[in-house]
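One chain is shown next in structure tokens, namely the form predicted on its own.
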């Protein structure tokens, strides 16, 4: 096991800077997820850790030693790729053991590790099959087995579930989490899927345009995003951002026909606001409550009744859409709210869950 440190890491292609001097410390045994939209630099960062991409500046340390100039096979890392990268002419067993055989490990050690990995990934009955005879999920388990069979310091995962269907992705997320709990080894996992990031990571690193926007526990990032990008990227459905203006004369944040008293927002200080400043009020759909069932209604901010424009049933929950001015807003309510499109709906929000962002730069206002 080993910790990984990235110090002022930079990657350029010609004159274009893809990774812009990022710093990251992954602790020994930690599961860290790099998440962000396509092209943000997360896979490039992972490939630099693996040694598959050269770096232009900065330092990569694994287990306390700089590995900038080490070839990939000397870094004692194992990597699982998006496209499986299995040898079609080899059996499952031979695919899993390929790296160990190249390392000239003894047969006794190979047999022992193969048994452990095959049991862990439920591949015992598939060892003599070829990749063409396997489903997508089975092939991905084989690719994971090829990495896990090695006694590596760090395991790297580059969007390993993106080619699987939704049901299988859910199953494999559970399997990967279980494997990490058993191995207690350092995992660095890249994905563009914020559900994977939230469910798998001890810590989540949100990247955008070659930089780290925020890092923290999944719940901290969900509840306390530092800017509008993180607020809308993390969470499904994404956070509502309602255009607003601060009115200094009466201490109100005004959103079309709604007024939100600043006194309800102890986390936002008027000293950090200017009169007529353009803002966004951020409220996650999950934090709206039907006034008939709100748990602490007296302390909540209560909205005047809104007209329901659309209802999307989701089983136990339903997404209810309405408007505040020109802004389309979503609330997620449970089965107790028996509603129809066109009905009037009274909503309330715990003011501790209301965030305020500067509309010009997107940063959170505290």
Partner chain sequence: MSDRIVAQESRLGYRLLAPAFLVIVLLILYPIMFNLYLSFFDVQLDGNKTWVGVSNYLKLLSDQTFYHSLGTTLIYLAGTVVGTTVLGLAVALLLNEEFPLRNLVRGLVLLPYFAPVISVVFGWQFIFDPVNGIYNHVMVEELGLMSERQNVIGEPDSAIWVVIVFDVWKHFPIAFLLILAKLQSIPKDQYEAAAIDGYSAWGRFIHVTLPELRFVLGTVILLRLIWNLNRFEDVYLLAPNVETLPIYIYYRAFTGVIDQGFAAAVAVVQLVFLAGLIWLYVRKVLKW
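On a predicted model such as this, the values are computed, not experimentally measured, just so you know. Residue numbers count along the first chain shown, from 1.
Below: the form predicted in complex with its partner chain, not depicted.
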| property | result |
| --- | --- |
| Option from 80-88, 208-216, 252-260, 170-178 whose residues, in the model of the complex, bring a heavy atom within 4.5 Å of its partner chain | 80-88 |
| Touches its partner chain in the model of the complex: residue 50 (any heavy atom, 4.5 Å) | yes |
| Its partner chain contact at residue 113 in the model of the complex, heavy atom, 4.5 Å | no |
| Partner proximity in the model of the complex: residue 192 to its partner chain, non-hydrogen atom cutoff 4.5 Å | no |
| 4.5 Å heavy atom contact, residue 93 and its partner chain in the model of the complex | no |
| Joint contact, 300, 302 and 353 to its partner chain in the model of the complex, by non-hydrogen atom at 4.5 Å | no |
| Among the candidates 267, 237, 243, 72, the residue which, in the model of the complex, approaches its partner chain to within 4.5 Å (heavy atoms) | 72 |
| In the model of the complex: members of 102-116 within 4.5 Å of its partner chain, any heavy atom | 102 |
